[in-house]
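Shown below, as structure tokens, is a lone chain in the form predicted on its own; questions about how it binds or moves come after it.
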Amino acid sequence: MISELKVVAVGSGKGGVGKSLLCANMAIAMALSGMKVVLVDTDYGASNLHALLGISNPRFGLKDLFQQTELDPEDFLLNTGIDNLKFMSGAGDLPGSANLTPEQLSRIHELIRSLEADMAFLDLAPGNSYTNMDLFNLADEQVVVCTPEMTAAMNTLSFIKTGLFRKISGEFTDDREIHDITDYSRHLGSDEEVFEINRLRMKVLDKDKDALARLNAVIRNYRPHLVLNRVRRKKDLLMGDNVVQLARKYLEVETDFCGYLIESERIHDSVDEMIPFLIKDPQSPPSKNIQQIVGALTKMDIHLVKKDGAIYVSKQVKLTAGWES
């Protein structure tokens, strides 16, 4: 019997930070641990995640969801050659497909939530478009990928901020006045202070005291995870700590810095060879990084070993403080 689906979205403030590689290998790690997993490419305008899995020319992509109403959800699931892992392709390079209508986005949401799996990993398009942020916020767990450059850190902070304000707007769809206050699109060109948390609280309090409690609850519960990619030296890890501190200071968002991925030729080789590095060598340094990241995300200790061409896995559930005695 399949347990309740848990959706994990992996996003980034800009392209080229290794988001797809991370997402694919995280999904593979969970599949190897025995969970039934679906990896979903939601980069509708430029989907290419299938290439990282060695899959060429997927028969169906999510674009077909809008063009062929008779398709069954199972038609979108492709075999990956990896036990317990199915793949759902995006929309290739269909012009305009990155800009989904609310109705199309709703159909994507319904399809994802109807998957018969333990986990679904969503590989998002880069950037903070509303389509992207709604998919990011659809997930039960959100992962943001950053690299150790200041520009990437600023883009990451902007991504977290846009996601938070989009989440707040969604909370107040039943209150048009409060909803409009938090809608970026209605304040283009406005002073940045419009979107400072304390300024927002004052505006909301001005309109409705009860709404302030709802606003505070959204901020308190918004807890994205951060992964730092392309770490070359120990001091690069400071960038992850900096993003956490900036998110806390300016957004009052508690971001979980759940791990990092080192820069490695093994990763570059895996892309060229179209073989995920976790499959090729589960005991390599970047593969161990992935195991630590998914362990932090799922509260499990996962260890993979390859012997005689087969991958063996051991896993243990981490006990919470209340059970440790």
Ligand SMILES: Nc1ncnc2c1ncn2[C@@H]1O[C@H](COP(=O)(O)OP(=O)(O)OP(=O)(O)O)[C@@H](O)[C@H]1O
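What you are looking at is a predicted structure, and each value in this text was computed from that prediction instead of being measured. Don't overthink the numbering: it's just position in the shown sequence, from 1.
Just so you know, the form predicted together with the named molecule exists too; it's not on screen, but the next bit is about it.
Asker: Among the candidate stretches 224-232, 104-112, 244-252, 151-159, which one is within 4.5 Å of the named molecule in the predicted complex when only heavy atoms are counted?
Answerer: Result of the contact check: 224-232.
Asker: Could you confirm whether residue 283 comes within 4.5 Å of the named molecule in the predicted complex, counting heavy atoms only?
Answerer: Outside the cut-off, so no.
Asker: Heavy atoms within 4.5 Å of the named molecule in the predicted complex: does residue 21 have any?
Answerer: Contact with the named molecule, yes.
Asker: Is residue 264 close enough to touch the named molecule in the predicted complex, meaning at least one heavy atom pair within 4.5 Å?
Answerer: Judged by the heavy-atom cut-off of 4.5 Å, residue 264 is in contact with the named molecule in the predicted complex.
Asker: Hey, in the predicted complex, does residue 17 get a heavy atom within 4.5 angstroms of the named molecule?
Answerer: Flag for residue 17 set to yes.
Asker: Among the candidate residues 126, 163, 240, 90, which is the single one with a non-hydrogen atom no more than 4.5 Å from the named molecule in the predicted complex?
Answerer: Among 126, 163, 240, 90, a heavy atom within 4.5 Å of the named molecule in the predicted complex occurs only for 126.
Asker: Is the named molecule in the predicted complex near all of 43, 268 and 271, within 4.5 Å of a heavy atom of each?
Answerer: Contact check passed for all of 43, 268 and 271.
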